[in-house]
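Only one chain is shown below, in C-alpha cells, and it's the form predicted on its own.
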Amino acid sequence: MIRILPIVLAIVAVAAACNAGSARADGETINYDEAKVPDYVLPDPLVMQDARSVTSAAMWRKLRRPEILELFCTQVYGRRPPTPEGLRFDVTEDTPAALAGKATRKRIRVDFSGRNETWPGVKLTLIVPGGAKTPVPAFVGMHLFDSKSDEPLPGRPLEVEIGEKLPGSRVLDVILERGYAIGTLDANDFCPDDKERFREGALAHFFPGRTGPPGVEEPGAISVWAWGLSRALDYLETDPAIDAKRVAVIGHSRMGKTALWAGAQDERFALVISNNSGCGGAALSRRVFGETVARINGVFPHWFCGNFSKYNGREGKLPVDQHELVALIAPRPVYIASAQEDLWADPRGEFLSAVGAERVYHLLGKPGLETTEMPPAGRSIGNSIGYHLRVGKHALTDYDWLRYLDFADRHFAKPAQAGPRR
C-alpha cells in the first residue's frame, strides 16, 4: 500500500476557499482545505489482490492489469456494451475545401446490424488538414467543437497573460497547421446525459426493457460514451486519410473521465488526454477534496455502475483508486491537466494520480513524470506521463491545446503499435 499524508497545496492561492470548507445551498459542506484531507492509503498498482508483488512486465500484462481493469468494470464504471457486429459507415458529407480551403470536412454515420431502428445512429464529424500527402494523426472526443459551425472552436481562448502568444479563436487552424485531424461525436447519440433518459440510445438496444438507475455492474453513461469513442476509432481505421495507429482520445470534464476510461479499455488509442476530469476521472477519490464520490453519485447517478454508490463516504473501501486508472493506460502516453481555480476537480488529486501511476510506467520501461513536486501554473512537465496546471477556471482552452499538441508531437514522431479492437 502507498500511504499519503495531507500536503498543503500552496500554489492554489484562491483566497479563503482553500482555508475552509465551503457550505452549499443543500447543506453539504465541501472540503477545499488541504489540512482537512484525511490520511489515506492508496492501493498499490503493483500488488495483486492476493498480496503477490508484480515483478515483471509480463506479470503486469497477464495478471495485474486484467485484475485492475475488472475491478473498475465491476465497482466503478460498469461493463461496457459488447462490440457490435456488422458495423457500417456512411459518409454523408465529404467537403474537400472546408474552412476556406484549409481542410476536408467529413460527416459519417455509424450504424451496425440489428440495431433498434428507433435509435438514429451515431454521427461523427471529422476535419482533416487539406493537402496532406500521407495519413495524418488525429484527436477524437465527445463535444470537442460545434459540429454545425462553419468556424468550429475546439478550445476557449484563455483571456490572461501567461508569457506566450495564444491562438485564441484560431486554435482549430493551429491544430490543422500542425498536421492533425480532429473528430467529434455527440454523447447524446449514445446515451443522453440525463438520469431519467440515459437508457435511451445504446442501452435501449443492448439492455431492452430495463428501467431505473444502472444495475450493480451495468454500464453507466461514462462507460457507454467510452464505448462510443471506440466506434469512432472503428471508422478511423477505415479512412485512408487517417493514421489510425496515431489517434489520441481527448476529453474535458465528464468527457475527460470518459477519455481515460476509453483509453484504459481500448488499447488501440495511442495517446490519452484528460482535461479537468476531477472525481471519477484523474482525481484521487480518497482525498475527499472538492467533488466526492457521494456527491457525484447523488447528482449523476447514471454515470457509474450501481456498485460505485457503495463507496459513498467510504472511499477507503474502494479496491482501486484513480492512479490505477491512469496506470491501465501504460505504456502508452497519457496527459493530465488541471486548472488553478477548478478546486471542485481537485488539481492536486489529479497530479497525485499521475505520480501514483509512474511505477507501472517504470516497470514497463517508460519514464513517467519523474517528479513528485507539483509544478507552478503555466509549466508543462513529464515524459510518458504529462501534466500541467493552468491558470483560470474549468475549461478546455487554447493553452491546453498547445500543450497537447506539443505532447502529441513528441510521441507521434513514429507510428505506434495499435492494440486489439474492443
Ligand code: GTR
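All residue numbers are counted from 1 along the displayed sequence. None of these values were measured; they are calculated from a predicted model.
Heads up, the form predicted together with beta-D-galactopyranuronic acid isn't pictured, but that's what we're talking about next.
- This chain is drawn without beta-D-galactopyranuronic acid; in the predicted bound form, the residue among Phe206, Trp344, Phe139, Tyr311 with a heavy atom within 4.5 Å of it is Trp344.
- Just one of Val320, Ala187, Leu99, Ile296 comes within 4.5 Å of beta-D-galactopyranuronic acid in the predicted bound form, counting any heavy atom, and that one is Ile296.
- Partner contacts here mean any heavy atom within 4.5 Å of beta-D-galactopyranuronic acid in the predicted bound form, and among 129-137, 102-110, 297-305, 170-178 they occur only in 297-305.
- Shown alone here, His394 lies within 4.5 Å of beta-D-galactopyranuronic acid in the predicted bound form, counting heavy atoms only.
- Of the heavy atoms in His143, none are within 4.5 Å of beta-D-galactopyranuronic acid in the predicted bound form.
- Although the partner is absent here, Ser253 lies within 4.5 Å of beta-D-galactopyranuronic acid in the predicted bound form, judged by heavy atoms.
- Residue contact with beta-D-galactopyranuronic acid in the predicted bound form: Glu291 places a heavy atom within 4.5 Å of it.
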